[in-house]
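A single chain comes next, written as structure tokens; it is the form predicted alone.
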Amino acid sequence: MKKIGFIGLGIMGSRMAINLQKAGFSLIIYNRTKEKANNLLNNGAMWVDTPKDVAQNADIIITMLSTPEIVKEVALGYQGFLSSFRDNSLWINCSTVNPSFTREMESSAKKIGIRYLDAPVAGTKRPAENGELLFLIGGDTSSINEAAPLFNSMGKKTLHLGKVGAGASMKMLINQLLGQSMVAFAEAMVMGEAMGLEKDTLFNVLLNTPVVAPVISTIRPKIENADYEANFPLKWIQKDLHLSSICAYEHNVAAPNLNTTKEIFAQAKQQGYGDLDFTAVYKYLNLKK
């Protein structure tokens, strides 16, 4: 069985790596904070001190990192893994990055004989924990087939959307709609409460109309119980909306709603909500609370 390198053990990556381990894969892991790797290490994963060391020991590398800048540093920077990866090895990038960036990473990998898959995921902490993620994949079919056992261990479904960049493109749209839907619902809730309607009534009526995105029903308990422990940190949806706005600029697409939503989350982040769940935008907008 091939050795799998895994870089990035945050909320999502740590759970994805555990599912790979449960499926019997041998892991070589690197993370900026070693303490986050303790569960994996206790179950037999191999720790290395640099991304470069991952490449020297692994056949396939999976990255699950927070920003394009960090992905680039880990891959191409000092002690980056690309320069030490064996010829024809496979890099699977599950990080949420913009399409032009993911194509740039493919180009860098291709120049030195490394294959690349663009494979961001749809899903948050619970689906990652349960191995129920949706993989949105751009890349060649042979590499996807090779990686299928990995995707099947971490997710419930894979969608091959086309060439590298297609996966990132779809992820941009999904998170764009998620952010916009959350802000729209939060605004409606705050306005309804200001007009004297009870919160329970607002939930029970609005969530049973076709005008509210279905995802809102799944996050109702977060708002209802003021439970803002992060499943999807607010600072990261703001980052994703920013990346989506870059896509809009690159393709000469007007996106006023996207940019307004991005700035609402940016304001919430500035006010100290960044490490809370993205649903905390309701708390931010509900200033009287």
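Note that the coordinates shown come from a computational prediction; the quantities given were computed from them, not determined experimentally. Just count from 1 along the sequence shown to find any residue number.
Not pictured, yet referred to below: the form predicted together with a small molecule.
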Three-residue site 23, 131 and 158 fully in contact with the small molecule in the predicted bound form at 4.5 Å by heavy atom: no
The small molecule contact in the predicted bound form: residue 242, any heavy atom under 4.5 Å: no
Any non-hydrogen atom of residue 220 within 4.5 angstroms of the small molecule in the predicted bound form: no
Any non-hydrogen atom of residue 124 within 4.5 angstroms of the small molecule in the predicted bound form: yes
Non-hydrogen atom contact residue 8 with the small molecule in the predicted bound form at 4.5 angstroms: yes
Option touching the small molecule, based on a heavy atom within 4.5 Å in the predicted bound form, out of 33, 252, 42, 225: 33
Segment that reaches the small molecule in the predicted bound form - one of 226-234, 259-267, 244-252, 42-50, heavy atoms within 4.5 Å: 226-234
